[in-house]
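Next up is one chain by itself, shown in structure tokens, the form predicted alone.
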């Protein structure tokens, strides 16, 4: 059994409980831990972690994560390989620091908060970074665990994104073609932006679902580097494929390796990249020639 005693200073932080439980399972499996592990995790603010940092580490400033192990190294390593119950320790994580560092490093808040939990957990399990060798071992292990979680999470996100695209399809206005299409665009910060095809009796004025979703994202201040994936779904025999105009728009407004999930109402799916859809796209560089 693996269990987290989860406490947070705000209800909005509670979404990390599920994430942390999964990261705990992945970490213990990767390290072949046999014991039943219990961990206390508290997501707090800068003021609270500042006080802890000052009282216990004599450092007068807020930090991102602090771990308190309940077992010394010798006893801990012996117990981890036994079938027994272990209360491993406490992990304190500053949500505000998570936001600051996510912006600083240019990745999502979810990624930063996941990193901080795994970092704190590895400290409880006896890992450290006091020298170059220890640092390399610990940080490589962190990245391996986070990559495993990300790969697992991507599969879940793909299915959820297709479900959102199918929901968006219900908003389609397509009285002329009778071909309703829905799109759902996933951003790094977790935002999901929907689009549906909207037709007009003057056919050229119609707009595809995927372009509606992309343009809506840009109107919300998103850029290509903020967009992770785009799902497109329709009632077609094969997974719905975007038209040439949409492929051209994708090639400029999405990154070349952005994941495009093609789907239909039957549940068929095909995952490609923007570059797969239009490898020789017209670009701004062509305008300068």
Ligand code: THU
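Numbering follows the first chain given and starts at 1. Quick caveat: nothing in here was measured; it's all calculated off a predicted structure.
What comes next is about the form predicted in complex with ligand THU, which does not appear here.
The closest non-hydrogen atom of residue 105 lies beyond 4.5 Å of ligand THU in the model of the complex. Although the partner is absent here, residue 114 lies well away from ligand THU in the model of the complex, with no heavy atom inside 4.5 Å. Taking non-hydrogen atoms only, residue 181 approaches ligand THU to within 4.5 angstroms in the model of the complex. In the model of the complex, ligand THU sits beyond 4.5 Å of every heavy atom of residue 124. Contact check for 229, 249 and 275: none of the three has a heavy atom within 4.5 Å of ligand THU in the model of the complex.
None of 140, 82, 177, 147 but one reaches within 4.5 angstroms of ligand THU in the model of the complex through a heavy atom, and that residue is 177. The partner is absent here; in the model of the complex, the one residue of 199, 158, 90, 100 having a heavy atom within 4.5 Å of ligand THU is 199. The stretch that touches ligand THU in the model of the complex, counting heavy atoms within 4.5 Å, is 234-242, out of 53-61, 39-47, 25-33, 234-242.
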